[in-house]
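The chain below stands alone and is given in structure tokens; this is the form predicted alone.
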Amino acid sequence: MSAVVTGAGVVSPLGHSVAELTRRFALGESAILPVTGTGREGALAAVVADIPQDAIPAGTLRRVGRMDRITRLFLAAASRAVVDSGLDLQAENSERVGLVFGTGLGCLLTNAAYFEKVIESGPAGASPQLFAYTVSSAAAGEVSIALGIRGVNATMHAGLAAGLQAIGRAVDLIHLGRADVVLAGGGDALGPTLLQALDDMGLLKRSVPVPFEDAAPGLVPGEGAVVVVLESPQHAAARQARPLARVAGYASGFEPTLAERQRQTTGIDAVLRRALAAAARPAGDVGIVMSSAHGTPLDAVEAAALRRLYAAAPAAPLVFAPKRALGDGFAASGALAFVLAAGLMTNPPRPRSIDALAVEIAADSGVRPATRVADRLARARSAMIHGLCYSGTSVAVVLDSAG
């Protein structure tokens, strides 16, 4: 299994490129800030302040104003990914170019706005403009139209792991020979309706959670979109594209006990092992783990699975929790962790602030601060990105540096 990453489009609360995201994360910056103007006193969130439009094809810009927020996030990220890759879509066989997006919440915000108008005004309040975006595949459709993509078009729902799942599915399509190029990634949008829903359920946190230390249900919501350009190594070489990283392995599965009091890790264990097997390497060769940890009870489950995976390895990996800085971006989170791993391996940061961002999962069941983080990042050649949804979906991707 192998596909190379030749471009990345990032729209995140911590910047709109892999380099900016990596730099600010390494400096210890956080995008988690108090939410204003929503009536949610003390609520925190990580919001995308502006959605860049610089890479969107000129012929599509006039349509952007009518699009819902998640579609604009995906369109901006996909357009930037294509520019970053140097891919000339006009020169490609458009039926061999595909698109796979993952979203956890999909059109939730648009559906809420649509039905709110119907409830207020009856059938006359049904908005044709909003109706067009009341399906979660609307973003994938709009991006395909804008970029002229005529191959596979899929929208995946795997809860909070959907973004990483989409990247894995794209790798499968390339591996099976069903596409030469696939744009893949994840995204979700944040809005007042979602904040209210989380607050009504008692799941909106009002303090910044510390991954692997806090264990309270709920989350600090975030948003964003990341789309990467994946190609077969042969296709990338033929057009002399410069790979940013290589996907060496991928696996997905389900842990059915996450909603129970006595949680197990059997399903997660299997996913992590299968991802390593697909990459044909032992755990000890993977020096970085990008976890899903966000200061919830599930952190202990993920830590237990990682502890077992690395039990026989000569050294524990560096474990990062990007949600500590980016909030829980739902399907965007896995994709953000994916490009962040690539950024950390491509240009290992040197600031000492990076030392405070990584932990080690110790064999004695503890979680301790990692040491010599910058030096170890400089030597790391592989990372595992793990996405875990509260529903039980588990996805793991093994990513190699391009060097």
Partner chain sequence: MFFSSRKRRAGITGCGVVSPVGNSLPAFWQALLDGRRGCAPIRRFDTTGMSVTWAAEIADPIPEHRLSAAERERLGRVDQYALAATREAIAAAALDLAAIDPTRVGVLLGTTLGGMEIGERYLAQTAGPRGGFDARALLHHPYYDVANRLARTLGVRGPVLSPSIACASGTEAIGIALDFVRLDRGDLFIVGGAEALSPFVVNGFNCLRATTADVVRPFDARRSGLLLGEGSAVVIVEALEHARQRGVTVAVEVAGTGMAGDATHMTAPARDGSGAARAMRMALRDAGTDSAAVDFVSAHGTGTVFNDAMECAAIAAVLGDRAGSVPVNSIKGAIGHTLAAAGSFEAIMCVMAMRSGLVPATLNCEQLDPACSLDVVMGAPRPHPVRCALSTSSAFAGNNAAVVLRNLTPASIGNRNDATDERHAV
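Residue numbers count along the first chain shown, from 1. Source: prediction; values computed, not measured.
Form predicted in complex with the partner chain: not shown, discussed below.
When the partner chain is considered in the predicted bound form, only one residue from Pro221, Pro317, Gly104, Pro211 comes within 4.5 Å through any heavy atom, namely Gly104. The partner chain in the predicted bound form is not approached by Val182, whose heavy atoms all lie more than 4.5 angstroms from it. Interface residue remark: Glu255 is counted as part of the site for the partner chain in the predicted bound form, having a heavy atom within 4.5 Å.
Although the partner is absent here, Val82 is not a contact residue: none of its heavy atoms lies within 4.5 angstroms of the partner chain in the predicted bound form.
The partner chain in the predicted bound form is not approached by Arg368, whose heavy atoms all lie more than 4.5 angstroms from it. Heavy atoms within 4.5 Å of the partner chain in the predicted bound form are found in exactly one of 91-99, 236-244, 221-229, 289-297, that being 91-99. Shown without its partner, the chain has Leu105, Cys107, Leu108, Asn111, Ala112, Tyr114, Phe115, Glu116, Val118, Ile119 in segment 105-120 as residues with a non-hydrogen atom within 4.5 angstroms of the partner chain in the predicted bound form.
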